[in-house]
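Shown here is one chain on its own, the form predicted alone, set out as C-alpha cells.
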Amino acid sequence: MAKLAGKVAIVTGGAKGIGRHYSQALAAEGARVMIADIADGKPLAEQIAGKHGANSVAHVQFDVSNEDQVKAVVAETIERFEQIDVLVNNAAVYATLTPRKFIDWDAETWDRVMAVNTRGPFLMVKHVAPHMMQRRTGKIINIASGAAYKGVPRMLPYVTSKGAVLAFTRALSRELGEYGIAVNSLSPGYILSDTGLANTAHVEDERIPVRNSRAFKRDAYPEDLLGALIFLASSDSDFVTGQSLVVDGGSVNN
C-alpha cells in the first residue's frame, strides 16, 4: 500500500521548482494534494489528476504572507478533502534574489523575504494546526536550508530566514508534541531545479563550490530530496520531531 494512502497534504509553493516535485511525490504515495502557490498550479494539477485521478489534487493561487488568503486556502482544503494530515511549508523567496554584499540589501527586499519565508510558515501553521490538534495527528514539514548551517555569504536575508525556520521548528515541536503532531525541517543543499537554473547568478556562485564541498562529488537534483520528504510525511517518522534532516550530499559535514 502507498505510504500516504488516505492522507491529505498542502504544499505551499507546490506548483513550480522543487515544490512541484514535492507535490508529485506526495500524490504518487497516495496523498490527495492541495497545490497552493502564488504561481498557477493548474497545469501540474491536471498532470497529477491524469495519473492519480480527479480527486487526487486541487490547486489554488495565493500569497502565503497574507493571512486572509492563508485562511481561505485552509478552508478550501477542508471543504474539498475534509481533513489535513501533512503540511509542507515550502514557499520561499530565493531564486529571484541576486547575491550581493550585506550592505547592498535594501529593507524592502529584506522585509519581503521575511514575510514569505518566515511569516508564511507561521500563518500556515496557525490556521492548519488547529485541524490537526482536533484529530491529534499530523505532520508539519518546514523547508529550511543547508545554507543556514554553513552561513552562506551574499545571501544574508535568505540565510537568516532559513535560520529562523530551524528555530521555529524546534519551538513548535514542543508545543504540538502533546497533540501527536510531528514538526520537522527538511534542509536541502544547493539543488539544480528549473527555477534555480533560471538564475545564472546562483549557478555561477554556488554550483561548483558547493559540489566540491560535498562528500558525494556531484550535483543535486529535486529527486534527491523526495525520499526524505516521504519519510517525514509518513508513519515511518512517527517518533521523530523537532529535527532537521539535511540532504546535501555531506556538504554541511565538511
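Given the structure is predicted, the values throughout are model-derived calculations rather than measurements. Residue numbers run from 1 along the displayed sequence.
Absent from the display: the form predicted in complex with a small molecule. The rest refers to it.
ask   = Hey, in the model of the complex, does K162 get a heavy atom within 4.5 angstroms of the small molecule?
value = Taking the distances in the model of the complex, the answer for K162 is yes, it comes within 4.5 Å of the small molecule.
inquiry  = Residue-level contact is defined here as any heavy atom of the residue lying within 4.5 Å of the small molecule in the model of the complex; does S56 satisfy this criterion?
reply    = S56: no, not in contact with the small molecule in the model of the complex.
task = Check whether A233 has any heavy atom within 4.5 Å of a heavy atom of the small molecule in the model of the complex, and answer yes or no.
result = It does not: once the small molecule is placed as it appears in the model of the complex, A233 has no heavy atom within 4.5 Å of it.
ask   = Do A39 and the small molecule come within 4.5 Å of each other in the model of the complex, heavy atoms counted?
value = A39 belongs to the contact set for the small molecule.
message = I have F122, G138 and G242 flagged as a candidate spot, so tell me whether each of them has a non-hydrogen atom within 4.5 Å of the small molecule in the model of the complex.
response = Zero of three within 4.5 Å in the model of the complex.
task = Could you tell me which stretch in 101-109, 75-83, 169-177, 138-146 has residues with non-hydrogen atoms within 4.5 Å of the small molecule in the model of the complex?
result = Looking at the other structure, the answer is 138-146.
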